[in-house]
Structures are given as structure tokens and as C-alpha cells.
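In C-alpha cells, the next block holds one chain alone, the form predicted alone.
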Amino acid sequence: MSMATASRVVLIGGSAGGLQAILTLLPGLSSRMNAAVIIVLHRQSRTDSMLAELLSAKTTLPVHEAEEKEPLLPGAIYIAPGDYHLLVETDHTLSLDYSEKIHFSRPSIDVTFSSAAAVFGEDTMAVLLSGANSDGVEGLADVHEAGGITMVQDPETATVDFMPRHAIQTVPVDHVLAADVMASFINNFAGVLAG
């Protein structure tokens, strides 16, 4: 793995039913993808440390909970820790924030998506999955406005269709796909690590 920070970022957000979609798409991600992946999943508590272990079982890419001031490296998957907002900083590092919940959520998908769009611009892909609230929709709009790519789970395939349906009705969405075909789009966007 290169120690240079990632020049592209893939953002994946979900709420109720989102974990199932992530577990479906994760095995298809290239082991040599040239982008950092950030997962923001609504969770119940900060002690839910089993998530990284669960996701690690589905991919050869390294998966762990994000830490303060950690650099975003290509080919790595970062999980927003429970009960913290996760932001992308201009130097391509991550920061944790304990400010108010947004859409009753901390971590908030909107917070991560919007901060990443401001830093990575057109080198951002944002994926919004199954869920029961509207978190992530404003973030998707910011990614679109920054020139990035927006992808939403096909509501017909989502466990809870409110979040993807609301996004499609509200934001210009580039791709509406079932979770099991998302990985190839993500791989194409991310490119392949040299060497």
C-alpha cells in the first residue's frame, strides 16, 4: 500500500438495512483499488466494535474504525466510529467530532459526505444505501454540486426504501443500482493502484 494519501474517495452511507447492502457489495471491491473508502453506518452505540471485524470477513482490503488525524490511504476502508461525526480535512486526514446529532444521527452521513465533497470535489463518489431517514441526501447534493458521482441503492432492492427513494426524488443521482452490482462501478471509479 502506498503511503501517499488517497487522491480519490468512495463514501458509503446507510442506515436501517444498510449493513446488509454493504456486506453484499464489499466482496466485489478490488483488492488493489486506488481510492480510500469511508463507511458511515447508523449504529446504536459507541461500543459496537464488532463492525470492523464483520466487514473484514467480506473483503481483503484493510478495514478499521477511523481515528483522529488519521491519513486517508488508497485501498483502505475507514468506518465512522459510533457516536462521532467523521469529517474529511483539507490535508486528506480524518477528524472526529462530537457536535449535535443531525437527523437524529451521530455519525451523520451528511457530515461526512459534505466534508469529503469540499475536499475531493470531482474525485468523490458517494453511495447511499437502505435507510429510514433523510440523512445523506444533503451530502449527496453537495457531492453532485462538487462534480462527484452519486449512486443510490435501487429502492426496490433496499430493506428500507425511504432513504434511497427520498434521495432519488431530491438529488440528481448518476446511478440507481442494486447492491450486488455496485462494486464494479466503484472499482471503475477508484482505478487500480500502480505497482
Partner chain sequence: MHRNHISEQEVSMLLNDVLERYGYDFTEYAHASINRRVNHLFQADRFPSFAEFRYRIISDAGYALRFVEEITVNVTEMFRDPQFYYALRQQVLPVLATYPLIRIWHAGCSTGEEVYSFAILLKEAGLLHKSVIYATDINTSVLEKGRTGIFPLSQMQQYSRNYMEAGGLEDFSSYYTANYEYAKFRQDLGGKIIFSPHNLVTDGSFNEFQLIICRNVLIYFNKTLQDKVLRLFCDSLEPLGFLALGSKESLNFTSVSAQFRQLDGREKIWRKHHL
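Residue numbers count along the first chain shown, from 1. The structure presented is a predicted model; accordingly, all values stated were derived computationally and were not measured.
Keep in mind that the form predicted together with the partner chain is not shown, yet the notes after this line are about it.
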Note: the partner chain not shown here; in the predicted bound form, the stretch from 133-141, 147-155, 56-64, 28-36 having heavy atoms within 4.5 Å of it is 133-141
Handout entry: 4.5 Å heavy atom contact, Ala117 and the partner chain in the predicted bound form
Key = no
| message | Contact with the partner chain in the predicted bound form for Leu96, defined as at least one heavy atom pair within 4.5 Å: yes or no? | response | yes
ask   = Heavy atom to heavy atom, is Leu72 within 4.5 Å of the partner chain in the predicted bound form?
value = no
In the predicted bound form, is there a heavy atom of the partner chain that lies within 4.5 Å of any heavy atom of Glu122, even though the partner is absent here? no
Between the partner chain and Pro81, Leu87 and Glu100, in the predicted bound form, does every residue show a non-hydrogen atom at 4.5 Å or closer? yes
